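As structure tokens, one chain now follows by itself in the form predicted on its own.
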């Protein structure tokens, strides 16, 4: 997944439990996939009679949902577990779930013997059974599926943390086996949900007030409907045509499975957001081959030409790795020239670090750390220059922005455009109050910065419904 949402999220919202001792606290590290996995885990736990609490001190069960994409992920896990260790004498139970759990397996019990449950993401569907064993007193419970499972994690209950924007995982796992990536070993093989089940969930979300739906997958555009009913592009269009849905997004795509009909679908369907995140990782064909990415620079640039040739102005973002083993100065220069050719709206770049169990572990990491650091600086400096210039195309445009929050200190509204750009705007002259979170506001762009846009909300006639708040606050999407 992309580095867009990398971070840690403590999940709480304590409530009166009427003396129920089944309470839990969950902390999540990683991207949107992990965050959405936690929403599904939370929904399952609550369906099993558990109650969320705001602080681990008040929890009977502490869960740590982990990610192993970035360097030193395992150290972070055990550091946090060591912090929790002081609570073990209070009758608490500890669970490590997610990618690090799948990667480290039962070694977690050896390093942290107070942990009672270790479960990889492919085994979350068995959570009710594992919780029952935990409640029965078992102290070493594992859920470590091998990567050949055909089952996906569909839950009857999903706790949605945002009542306006909702995620749907349409495909899990990865079959690409890029040399640097741990995902195929921790998430298993690619397995897709049926288009019918995705549409059922999307329609129910729309009925409950969600206006933006985002498809998720390690390689979301590698989706293959098991029933053979719809292609990925057709599924995007079908969800975009559901009444009440104003925006449809998807992340993360793989260039190898990126097809022209995706661009054609965005062009033809206004509700499909004009933003594509297509990680390239390197601009050098030689490095791409060493990475086992299964495409060349020319292949990638052909797909960029499809996007650049679209009727709509489609925003393009990407992931890049600098300092991969064997990357020469000439290879790195090809990455810089790719920036100039594509003109990305954002790039998430990282220094190479070998991940456990991947082919890159056996490669000689010949690039000195200081060279990696300097290459990363050069790349990000050039990208910042491109963004400063490229964002200028939006000056004086009117963009519809979904309100995400309010900055009361500056009396600004923080919104997001269909291109996934942050837009900070003020209300127009004579406007009173702030539009509610989740509403959509037309904004004229008055200033452009390298990482955001600045604007002013347009006035709306007195007889029009200016801002329509979404008053429903759904906690679950229930699938029959």
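Positions refer to the first chain, counted from 1. Predicted model, so just to flag it, every value in this text is computed and none were measured.
Absent from the display: the form predicted in complex with a small molecule. The rest refers to it.
Participant: Which one of 296, 353, 88, 139 is close to the small molecule in the predicted complex, taking close to mean a heavy atom within 4.5 Å?
Facilitator: Comparing distances to the small molecule in the predicted complex, the residue within 4.5 Å is 353.
Participant: Sort through 321, 239, 170, 77 and report the residue having a heavy atom within 4.5 Å of the small molecule in the predicted complex.
Facilitator: Contact residue from the list: 321.
Participant: Would residue 180 count as a contact of the small molecule in the predicted complex, using a 4.5 angstroms cut-off between non-hydrogen atoms?
Facilitator: Residue 180: contacts the small molecule in the predicted complex.
Participant: Decide whether residue 437 counts as a contact residue for the small molecule in the predicted complex under a heavy atom distance cut-off of 4.5 Å.
Facilitator: No - in the predicted complex, heavy atoms of residue 437 and the small molecule never come within 4.5 Å of each other.
Participant: Can you tell me if residue 335 lies within 4.5 angstroms of the small molecule in the predicted complex, counting non-hydrogen atoms only?
Facilitator: Output for residue 335 is no: heavy atoms all beyond 4.5 Å of the small molecule.
Participant: Could you tell me if residue 281 has a non-hydrogen atom within 4.5 Å of the small molecule in the predicted complex?
Facilitator: Because a heavy atom of residue 281 falls inside 4.5 Å of the small molecule in the predicted complex, the answer is yes.
Participant: Using a 4.5 Å heavy atom cut-off, indicate which stretch of 266-274, 125-133, 345-353, 108-116 touches the small molecule in the predicted complex.
Facilitator: Correct option: 345-353.
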